[in-house]
Every structure is written in C-alpha cells, then in structure tokens.
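Structure 1 and structure 2 below are the same protein chain in two forms, each given by itself as structure tokens.
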Structure 1
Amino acid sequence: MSDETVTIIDDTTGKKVQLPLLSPTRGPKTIDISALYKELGYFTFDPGFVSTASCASSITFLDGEKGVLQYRGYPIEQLAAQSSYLEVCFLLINDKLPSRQELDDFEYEITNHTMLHEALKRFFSGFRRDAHPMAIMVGVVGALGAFYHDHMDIHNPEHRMITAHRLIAKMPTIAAWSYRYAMGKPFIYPVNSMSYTENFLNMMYSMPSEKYTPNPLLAKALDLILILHADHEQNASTSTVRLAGSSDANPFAAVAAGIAALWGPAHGGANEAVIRMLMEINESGKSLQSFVDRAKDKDDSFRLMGFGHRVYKNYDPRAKLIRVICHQLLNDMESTGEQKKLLETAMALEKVALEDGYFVKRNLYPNVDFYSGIIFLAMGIPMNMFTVIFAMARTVGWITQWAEMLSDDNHKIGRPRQLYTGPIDLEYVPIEKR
C-alpha cells in the first residue's frame, strides 16, 4: 500500500476527488474507489470484473501477461517439480511451507478424516442414477453443513481450520462416491495407509471382490494436476465462495456455491466440454479446419473449448506444465481405438490453433482444461468426473480464500450495485383494464 493518490475530475461539474492509489506487492496499482459514490455520486461499471479487484489477498499471485502463477509467493513450477498436493494445501492454509514433522502431522490429520458420516451415504441414493456427479457433489457438500454444528463458529480461527481440514479430507471420498453411485457400484471406504491420490483412485476403481493396486504413475500425475488446480486467485468459483461466505453463511454452503459456479463450461466444466468437442469433431466426419473456421466465425457461437483465458494472454503456466505430462502419458500409456483417435484429434487441434493467425493474434493458447481433459481421458477417468476432480483440487483454494476474507476485521457483505436500465414510475393498470 502507498500514499499515492489519483485525482478524478468530473467534467460535468468540475468537482475533483482524490482517491487512494494502492500498490500491491506485484501487479497493477489499484484505485480505491470505495469513496467515489459518496464524493461524486457515481457508481463504476465493470461487467465481468475486467478491471476490478474485488478484494485484497495474499494467497495467490497471477500475472496473465507474463504467464506467472505463484502460491504464497512460491512459483508454480517449483511446487509442481518438488512438492506434493498435501504440502501445497498446508502452504495455502498456513501461509508457510511445513517442517517435516508438520507435514507428517498434517498428512495424518487429513488421512484420518476422510470418512463420511454414515448418514451422509443416504444422500447419494436420493439422486437419480444418471445424475451428473457435479450435481451430487453440490448437494452432498452443502449437506455437510448439517453434520458439523460442533465447529461452525465462522469467527473462530480454530473452527475455520478444522473446517478446512474436514473439507480437504472428505472431498475425495465425496467425489469418488458420486461416481460409484452413478455406476451402481458399492462405495469403497478410504484406506489410511494410502496417499491422498492413491486413496482417491482406490475409491474410484477398486471392487470389494478383487485386489486393486493404484498405478503409481497415475497417482503421481493426479497429484500434479491437483497442485496445478489448487488455487487461482479471484476466479468465478472462488469469487462465488467469497460472496456467499460474505453473508456469514456456513462454509459448506459457500463451497457448494463455488462447486456450482465451477461446473459451467466457461470455467471448470471446460475440461469435459473439450472431450465432448473432440468427440463431435470425430463423429462429424468433417475436417478439423472446418471446426477451427467455425470458432473464428463471429456469427457462430461455437468456440474451441480449452482455448483462451480471461487473465492469461500468454501461455497459461499450468498448461505449460500439464502439457509435458500430457505428452509423456500419451507416449507411455496404451490407448486404443476411440480413445486414441480423440487424443490424435486433440494434438492436431493444438497444432492448428497454435499456428493459426486468429488464435495467435488474440493470444488464445490452450488452457489448463485442454490438457487436463486429455490426461483424464488417457487415465480412463469418465468424462463427467473431470470437473469433479477440479473441484476436489480447488477446495483448498476456496476454503483458504474464505478464511482470509473472514479473518479481515473490515470484511463486509458483498453487495454490488447496478446500472439500472429498466422502466421507471409506471402506473399500475388493474388486470381487467390491460
């Protein structure tokens, strides 16, 4: 923060107002406009929050022009190469890297809270068999609020931490069970001797009738995907969690709202949309170029899913890292038939889009969802589970951002204003006279 100010002159009245100019540790300076309405009687208008910082935060730094992403100051590249998802969770929620003992204790704490209350199991069976697992997840996570009254004083930092641990621990179980229910398969309970990702794969794929050993390669790749998705500052779902939580709503309800926002194909739902698009391309029998041309046609609503990003106007650093794994996995793994064809189409599309002037000019690079969808496909993860895994990874970011908001003594309920464009002062006409 600094003592700099920006002067705004109202040309219509000649009135001047000096507004504080805030300096972040890095990134664009930010005009504090909170006094603008009081001083000049104006609102500001910024649909989609293109130029608006909705809060101050010390969790994640992102530079979309340079393609930089850091959690608590640590570059994503270093965390991806040297850390683990649970260590990143510790870092995000505690604002420091753990000592060996702290990490062991944290892993023990998370591992030992992965079970769900038995009564919660019945919530799953209330859904139709063909329910999307994201719909189940929204419902079940929201329902957690009915189970943990004991630690729901949101103004108590210790309670907030317990809630964070509970959510991180239980999310893989909820995610896997959402899938198992839709498949009509028995729920598999968590196994404490397994790592976070092995345990998730075990709950997804093992059967009580057969021994199952999670593939360490897949567990490792999944761990990396979770690291890359752990937080991403004030994106749509995180802003939703903050807004819902700003009314002092319970954290499970706020996170359920975040899951709902993540589901949309313009956000976390894009990884599923990518694969659906690849299937559409293959099934159509039309050339790849014809789809690229459609994406460029302003009269056609079709977009290349998995390309472009609101903030990254350079290569998304997560996409850079995940791309390497994606190509590695595709080389190492035996993919056959339909799956192989989809993967080939994806790689051809990546090439076309990276070389086509339309995409190059607009900085429309493949984003993290483009590659995560392909990796999930190569891993044999069902399509409707892609966004669920994203939600599982992002839970730590949501809950950390929520806790940061509440720990700020000055936090207020989020209440945007509007530019009203409807009719005014109409005269009510009784129904018989209309």
Structure 2
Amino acid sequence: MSDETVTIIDDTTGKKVQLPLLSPTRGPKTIDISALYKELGYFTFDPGFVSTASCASSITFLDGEKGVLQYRGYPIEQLAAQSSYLEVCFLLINDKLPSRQELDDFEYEITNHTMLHEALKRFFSGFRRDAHPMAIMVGVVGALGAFYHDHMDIHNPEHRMITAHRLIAKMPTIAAWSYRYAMGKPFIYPVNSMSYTENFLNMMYSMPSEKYTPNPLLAKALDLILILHADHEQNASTSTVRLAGSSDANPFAAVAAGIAALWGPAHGGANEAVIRMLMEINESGKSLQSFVDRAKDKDDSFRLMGFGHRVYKNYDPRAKLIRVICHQLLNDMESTGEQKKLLETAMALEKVALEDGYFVKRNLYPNVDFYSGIIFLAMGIPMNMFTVIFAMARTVGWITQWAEMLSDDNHKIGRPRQLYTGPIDLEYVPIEKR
C-alpha cells in the first residue's frame, strides 16, 4: 500500500475527490473507488470486470504480459518440476511449503478421507443414465452439505480447514464415480496405498473382475495437469465461489456454484473445444492449411481453438511445462485409428503456431488447454470428463480463495451495481384496457 492518491474532478460540478492509490507487491497499482459513490454519487462501468479488482488476495499472482504465474510467491515452473499436487494443495491452503513431516501428515489426512458417505451412492442413482458428469458433480458436491454438516461453522478457521481437506480428498471419488455412473460401470472404492492421481485413475478405469495397475507416466502427466490448474487468480468460477460465499453460504454450495460456472464452454470447456476442432478438421476432408488460412481471415468466424489466451499476451507459462510431458506421452503411448489421426493433426497445428509469422506476431501460441486436451485424448479420457478433471484440480483454489475471503475482516456480501438502461415512470394500464 502507499500514501499516493488519484484526484477525480467532476467537470459538471467542479467537485474533487481524492481516491487512495493502492500498491500491490507486484502488478499494476489500483485505485480504491469505494468512496466514489459517497463523494460524487457515481458508479463505475466495467463490463466483465476487466479493469476492476474485486478483492485483495495473497494466493496467486499472474502477469499476462510477461507470462508469469506464481502460487504464494513460488514460480509455477519450480512447482511443476519439483513439487506434487498434494504439496501444492498444502502450500495454497497453509501459505507455506510443508516440512517432510507436515507433508506426510497432510497426505495421510487426504488419503484417509477419500471415501464418500455410503448413502451418496444412492444419490448418484437419481440421475439419468445419460446425465453429463458435470451435472452429476454439481449436484453431488452441493449435496455434501447434507452429509457433512458437522464442521460447517464458516467463521471457525478449524472448520474451514476440515472442509478444505474433505473437498480435496473426496473430489476425485466424486469425479470418477460421475464417470462410472454415466458409463454404467460399477463404482470403485478408493485405495489408500495409491497416490492421489493413481487412485483417481484406478477409480476411473479398473474393474472388479481384474487387477489394474495405473501407468506411472499417466499418473505423472495427470499430477502436472492438476498442479497447473490448481488456481488462476480471479477467473469466472473463482469469482463465483467468492460471490456465493460472501452471503455466508456453506462451502459446499459455494464450490458447487464454482463448478457450475466452470461448466460453461467459454471457461472450462476450452480443451474439449480443441478436440472438437481437430475432429472437424479431420472429418472435413480438407487440408490443414485451408483451416489455417480461415483462421487468418478476419472475415471468417472460424478460430483455431487452444491458441492464445485472454490474460496471457505472451506464451502461457503452463503450456511450456505441459508441452514437454505431452510430447513424452505421445512418444510412449500407443494410439490407433481415429485417435492417432487426431494427435497427428494436433502436432501439425502446433508446428504451424510456433513457426508461422502470423501466429507468432500475435502471440497466438498453443495454450494449456491445447495440450491438456491432447493429453486427455491420449489417455482415453472421454470429452465429457475434461471439465470434471479441471474442477477436481481447481477445488483447492476455490476453497482457498473462499477461506481467504472469510478471514478478511473487511469482506462484505457481493453486490455489484448496474448501468440501468430500461424505461422509467410508466403508468400501469389495467388488463381490460390493454
């Protein structure tokens, strides 16, 4: 923070108001406009909140211009290379890296809370067989408040931590069971001897009739994906969790609201859109170059999905990290038929984006969604599960942001203003005279 101010002058009345200029540890300075309405009677207008800081946070920092992403001050590159998803979870919710003993205790705590209440199995059966796994996840997570209401005093820090542990532990089980139910397969219970990602893969793919051993490379790739998606500042779903939580809603309801926001194709569905684009290209019978030319044509609505980013105006730092394991996975995994053709098209598109001057000049590099979509395709994960896994990864970010908001003595219930553009002062006409 600083003692600097910005002076706003109302040209109509000549009245002046000095607004505090806040200085973050890194990033653009921010004008505190909280007194603007009181002093001048004005609101600000910022569709999509692209220039508005809705909160102060010490969790995640990103610089889109420089391609920087940090969790609690630690560069994502270091965490991806040296950490694990559960260690990142500990870092986010505890604001520090754990000691060896602390990490062992945390992993034990998470591993031993992966089971769901047995009655929840019957809850799944209430959905149609063809229900989308995201629809199931929204409903089941929202219902957790009816099953785990013993530690839901949101103003108690200990209760908030217990809730965080429960959500991190149970989300892979909910995700895997959502898939199993939609596929008509029997539910597989968690196995405590497995790692977090191995356990998820086991619950997704194993069958009671035969032994399943998770592929170590798949588990490693999935762990990296979870790390890279653990949090991403005040995006649409995180802002939704904060807004829902600002009314003192229980944490399960707030996270369910975040899952619903993530479900939107403009947010969590980007990697699914990548695969659909690859399918469109292959099924068209046209050359890849013809689609590249369409993407360059400003009069053509076609866009290459998975390239560029709304926030990052440089290379998405997460994409650089996931690209390495994506290529490793493609070299080591066997693929056949349609899957192989899609992967070949994806790699050809990557080559174009990294070498074509049109894309390089506009910073339209492959983003994290491009590579995660390819990895999921290579792993045999169906498209309707892509966003479910995104939600599983982002749960720790959502619950950490929620807890941070509640620990802030200055937090208030969210109540955005509006620029009203409708009619006023109309006279009611009785229905007989209309």
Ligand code: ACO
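The first residue in the sequence of structure 1 is number 1, and each one after it adds one. Under this definition, the rigid core comprises the largest set of C-alpha atoms superposing within 1.5 Å between the forms. Everything numeric in this text was worked out from a predicted model, so none of it was measured.
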I need to confirm something. Of structure 1 and structure 2, which is the form predicted on its own? 2
Once the core is aligned, please say if the CA of Lys298 is shifted by at least 2 angstroms between the two structures. yes
My question is whether Asn112 is one of the residues whose C-alpha shifts by 2 Å or more between the two structures, given a fit on the rigid core. no
Tyr189 C-alpha shift between the two structures of 2 Å or more, rigid core reference: no
Core-aligned, what's the Cα displacement of Gln289 between the two structures in Å? 4.5
